[in-house]
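Next up is one chain by itself, shown in structure tokens, the form predicted on its own.
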């Protein structure tokens, strides 16, 4: 049963609306730095104005969009644990007629909303720098499946965190390595076979490949979308079971 999800999502939406401009500004900082550092300073010269590698920026931007969808969806875990440890909101939800599935769905949708906002921020920065991409349904599908997985994983793991400080530790060991190794800044096909096969175990690698292919008109890796959908379903079930255990 998933009753109660609307109330959970509505609470998170109100919080996001209240801090909208501050949140949006924060979402723009990292992508802007990556565009300047990797797209401007380190890209090949002679491909665009000011020494900026236009071809590399077209490669980089879908990866940044995928990474942003990951980090912003994952950020819902921080919101959950602030509510758990400081405001005791989760205790009130435990007493309310909200099913574990409903709570997870509401939080996952909130995480996906944040992810969508983060992707729009990246695309807006790309527009400022003159990058034009093909933003068809496959592009959005890849990023939303990516956000669905990481939001579900965030909700599930948040239930197992015993202190707010542990959230940063989890981010350092899960999100940060994936951000740099998931094909955001470089094509994984250039790596040795063993390393490439290992990186294909990362969901962000598949999200980056699918989003990049859709945005640049290349052949869409359908298998990557299937993998994202599959791991997302497992993560959602894990989250529901974790919330049910926490409520017990």
Partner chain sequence: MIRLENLHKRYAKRDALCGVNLHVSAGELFAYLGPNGAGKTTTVRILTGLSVPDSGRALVDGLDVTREPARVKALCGVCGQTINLDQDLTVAENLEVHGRLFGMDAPQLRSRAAENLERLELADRARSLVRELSGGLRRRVMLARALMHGPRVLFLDEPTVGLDPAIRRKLWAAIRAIREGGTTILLTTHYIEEAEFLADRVAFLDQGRVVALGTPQELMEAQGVWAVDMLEGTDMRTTCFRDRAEAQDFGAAGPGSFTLRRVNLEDVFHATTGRKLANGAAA
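Since we're looking at a predicted model, the values are computed, not measured. Residue numbers count along the first chain shown, from 1.
Unshown form predicted in complex with its partner chain; subsequent notes refer to it.
- Only one of 128-136, 97-105, 166-174, 150-158 places residue heavy atoms within 4.5 angstroms of its partner chain in the predicted complex, namely 97-105.
- Its partner chain is not shown here, and in the predicted complex it never comes within 4.5 Å of any heavy atom of residue 241.
- Using a 4.5 Å cutoff between non-hydrogen atoms, residue 237 does not count as a contact of its partner chain in the predicted complex.
- When contacts are judged by a 4.5 Å heavy atom cut-off, residue 93 counts as touching its partner chain in the predicted complex.
- Using a 4.5 angstroms limit between non-hydrogen atoms, residue 14 touches its partner chain in the predicted complex.
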